[in-house]
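This document starts with one chain, in the form predicted on its own, laid out as C-alpha cells.
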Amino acid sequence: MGKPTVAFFDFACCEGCQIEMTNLGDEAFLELLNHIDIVEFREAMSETTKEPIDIALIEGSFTREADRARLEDIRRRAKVVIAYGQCATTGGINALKNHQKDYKEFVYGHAAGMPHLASDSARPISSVIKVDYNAFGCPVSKYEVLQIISHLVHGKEPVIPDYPVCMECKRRETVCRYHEGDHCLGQVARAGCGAPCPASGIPCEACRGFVSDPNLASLKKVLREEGGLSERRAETKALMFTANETAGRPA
C-alpha cells in the first residue's frame, strides 16, 4: 500500500499558515515525510493534482461564491478534509468585514468596484462543505497539524482541544492577568496553544477562537468590572479573531 496523499489548498487568506508549515524542519516533520506523499502545496511546490486525495488541508475563508465549485471538488476527491488556521475554521480576521457594510470602500477607496475585488461575507469552510477536523490558530500551530495528520496516518482519532486557555495557565502556574490589574479573554478562548501569551504578561486575544458555547455575556461583564474596559470596548474586544462567533453585528 502506498503512502497517504496529502494536499494543501488556499482560499481567502494571507497564506501565513502555509508559510508556517514550510518552517517545519525538525525531526518530527522530516519523519512524517517518510509516511506521507505531499502532492500539492502552492507555497512549496509547483505540482498540482486532480486525482483523489487522502487528506486535504484547506486554508483561508470562503468569501466568493465563485470558489464554491472548487471547494466541492476538493471535498469529492478527499477522504478527509482538515480546515487549518483561523480563517478556514471560523472566518478569522477576514470576518471583520462582516461587521462593516462599506468595507470595500473603506479599504480600497476609489478602486472598490474593480471586478477582482468582488467578494461577500467571510465564512468558515464548514459553511460550504463538510469538514472532518479543525486545526485552529492565527497562525495555525504547525505541531498541531502534524499531530492531526500523524494520528490519521496511524489510524487514531485526532483530539481537538475544546477547553479554555485558563486551564493551560493553571497548568503552567501562570498568574492570572486579572490579578495583575489587566484584562484577558482566556476564560472563553479555545486552548491548545499552551498559553504562552499570559505567561509572558500579554492578555490572551483568543487567536484560536472560542470554546463551544462560550458565555459571552459573562465575558463582557468581567471585561468591564474586572478588566476596566468601557462598555463599547468590552463589546468588541474579541472581534479580531472571533468576528463570526461574536453576536451583535450592526444592521
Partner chain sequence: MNAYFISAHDFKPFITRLIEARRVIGPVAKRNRFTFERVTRAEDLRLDYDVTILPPKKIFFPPVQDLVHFEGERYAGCIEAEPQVLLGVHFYDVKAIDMTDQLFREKFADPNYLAAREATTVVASNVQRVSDAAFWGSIGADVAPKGHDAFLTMIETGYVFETRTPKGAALLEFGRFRIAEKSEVAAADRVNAEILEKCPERIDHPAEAVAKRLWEVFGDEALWEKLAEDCFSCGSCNVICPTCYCFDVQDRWNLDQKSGARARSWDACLTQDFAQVSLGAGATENFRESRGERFRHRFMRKGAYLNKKLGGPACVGCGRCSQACTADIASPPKVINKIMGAAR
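Residue numbers count along the first chain shown, from 1. Because the structure is a prediction, the values reported are computed rather than measured.
From this point on, the text means the form predicted in complex with the partner chain, which you will not see here.
- The three residues P4, E40 and E72 each lack any heavy atom within 4.5 Å of the partner chain in the predicted complex.
- Note on contacts: among D54, D67, E205, E226, the single residue with a heavy atom within 4.5 Å of the partner chain in the predicted complex is E226.
- Only one of V131, L96, L146, V128 comes within 4.5 Å of the partner chain in the predicted complex through a heavy atom, and that residue is L146.
- Heavy atoms within 4.5 Å of the partner chain in the predicted complex map, among the stretches 113-121, 82-90, 165-173, 134-142, onto 165-173 alone.
- Under a 4.5 angstroms non-hydrogen atom cutoff, the partner chain in the predicted complex lacks K101 among its neighbouring residues.
- The closest non-hydrogen atom of P214 lies within 4.5 Å of the partner chain in the predicted complex.
- Residue contact check for V107: none of its heavy atoms lie within 4.5 Å of the partner chain in the predicted complex.
- Within this chain, E47 is remote from the site of the partner chain in the predicted complex, having no heavy atom within 4.5 Å.
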